[in-house]
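One chain is shown next in structure tokens, namely the form predicted on its own.
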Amino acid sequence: MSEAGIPAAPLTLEGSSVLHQMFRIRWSAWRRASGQEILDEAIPALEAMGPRTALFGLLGHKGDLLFLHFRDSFEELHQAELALARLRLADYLEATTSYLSVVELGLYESSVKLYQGLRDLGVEPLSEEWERACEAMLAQQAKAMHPRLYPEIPPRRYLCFYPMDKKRGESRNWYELPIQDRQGLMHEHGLIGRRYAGSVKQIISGSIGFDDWEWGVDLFADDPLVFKKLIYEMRFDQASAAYALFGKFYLGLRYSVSDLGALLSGTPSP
């Protein structure tokens, strides 16, 4: 409970389950393989996964391929993971890392407004009446935001993915700030992102309790330079400058599954 006598945690909405799988190709083994037979099995199987699985070629030493899966549940994600693992192609892939999360919409402004309104009405925090009001607000917001909670993978050429935390130790601790202060900082942070809305599609996913960081950030754009500009500008707002920690960054180029053979032969289409 915060100093103001209202809950410290904002309400959140959760949607699609998300899995990033990063792989390194065992190139020496692949060169000795009967590649076309393997591709004849893999391409139809991957295409059957549908538009909620996407293939990216990774730049740099952190891996060669990234498979991005959006599904409606962790059970469906597991089925996608197993389907990929059962392919003969998997014998030539070495997992470098993965990331598990769920699409999350943080409702800081709505939460603060609701909490303060209920407190002003004399409703006891976390009472049955309080919980009913929260559930009603979440249901209303979930209906309005369904497309954002269950998005398609944006058809942009480039992907930038990175995990992040909010600081919670030493001289700075995000979780010790009053919820009203955090709401103000996140509002400022969001204003920067909105200015890039036409050139970048951003999907935030929550991973607390699911993976090693607290959130995953996916940015999709046709011009990779916009990632640099957006992230650099955001570093100067207080929410990032004082309270953000960032993990490794991954940059990928989108390919259709039918391009997998060209990608593995080193001759992908531009």
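These numbers come from a predicted model, not from an experiment. Residue indices: 1-based, along the sequence shown.
If you look for the form predicted together with a further copy of the same chain, you will not find it shown, but the lines that follow are about it.
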**Message:** Is Phe67 near a further copy of the same chain? Define near as a heavy atom within 4.5 Å, in the predicted complex.
**Reply:** no
**Asked** Applying a 4.5 Å heavy atom distance criterion, does Gly266 contact a further copy of the same chain in the predicted complex?
**Response** yes
**Asked** If you check in the predicted complex, is Gly261 within 4.5 Å of a further copy of the same chain, heavy atoms only?
**Response** no
**Request:** Answer for Ser240 alone: is it within 4.5 Å of a further copy of the same chain in the predicted complex, judged on heavy atom distances?
**Result:** yes
**Request:** Let me know the one among Ser199, Gln116, Ser98, Gln140 whose heavy atoms come within 4.5 Å of a further copy of the same chain in the predicted complex, would you?
**Result:** Ser98
**Request:** For the heavy atom contacts within 4.5 Å of a further copy of the same chain in the predicted complex, list the residues of 247-263 involved, in sequence order.
**Result:** Lys248, Phe249, Leu251, Leu253, Tyr255, Leu263
